[in-house]
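Quick setup: one chain, the form predicted alone, written in structure tokens, and binding and motion questions come after.
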Amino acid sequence: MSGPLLRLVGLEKTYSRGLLRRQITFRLKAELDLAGRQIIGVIGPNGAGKTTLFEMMTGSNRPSAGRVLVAGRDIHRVKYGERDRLAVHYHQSYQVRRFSKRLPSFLMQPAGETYPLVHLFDEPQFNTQDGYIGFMLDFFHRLRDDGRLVVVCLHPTARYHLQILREICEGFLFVSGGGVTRHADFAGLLVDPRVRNYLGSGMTQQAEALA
């Protein structure tokens, strides 16, 4: 297809509390276009909304406003059993996230695809033994080479996490402060003072050595 494979249009998620006086406790906004045939890295502090973002991308968490378009289809209007033909969310140990049903599926649209176009890996667990990392990186590359959009979220706590991000990612998203910031490359990511603060001085120094 021509144009972006994944579009987040005026996307917003808010959570609030209180019965008489509602108080917003969480807000995340995103406006983003991503093409297929690439691997995008995602980082950000705990609680910033990375998993919530992934859930909205795959239709398992209804946004408060805006739309998620995959190959031009609003994923939140696609039949429940077919949404993973557009975008699939692998949470940590590659467990696919589930979602609740709010409307009868027969009122919704077909996906029009048979295999996921967007693959979202949410803090995958990399086994450092027996070549497992190499196997997974090859898997990510094969998905990318098949025209898919691969999004890998990592919380860098070790040098090899930074090495993975530096080696495979062709762009980056930083989720923080209620928003999503896009960076073109690893070096550009490290220029952002918010990213440096998030990584801390030790991990920032290691990242700069890899850039």
Partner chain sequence: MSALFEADRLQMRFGNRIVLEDITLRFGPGELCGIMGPNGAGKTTCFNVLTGRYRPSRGQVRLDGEDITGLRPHEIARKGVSRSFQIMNLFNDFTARDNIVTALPGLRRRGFDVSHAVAANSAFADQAEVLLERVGLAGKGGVLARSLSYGDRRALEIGVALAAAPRILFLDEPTSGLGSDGTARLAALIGSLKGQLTIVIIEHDMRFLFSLADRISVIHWGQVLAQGTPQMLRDNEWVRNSNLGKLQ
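Positions refer to the first chain, counted from 1. Keep in mind that what you see is a predicted model, and the values were worked out from it rather than measured. Just so we're on the same page, rigid core means the largest C-alpha set that superposes within 1.5 Å between forms.
Same protein, other form: the form predicted together with the partner chain, not shown, and the subject of what follows.
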| property | result |
| --- | --- |
| Proximity of H91 to the partner chain in the predicted complex, heavy atoms at 4.5 Å | yes |
| L69 within 4.5 Å of the partner chain in the predicted complex, heavy atoms | no |
| R85, heavy atom within 4.5 angstroms of the partner chain in the predicted complex | yes |
| 4.5 angstroms heavy atom contact with the partner chain in the predicted complex for R142 | yes |
| Contact stretch among 160 to 168, 182 to 190, 50 to 58, 37 to 45 - heavy atom within 4.5 Å of the partner chain in the predicted complex | 160 to 168 |
| Heavy atom within 4.5 Å of the partner chain in the predicted complex - qualifying residues of 114 to 144 | T114, Y115, P116, F121, P124, T128, Q129, D130, G131, Y132, I133, G134, F135, M136, L137, D138, F139, F140, R142 |
| Threshold 2 Å Cα movement between this form and the one not shown at Q125, rigid core reference | no |
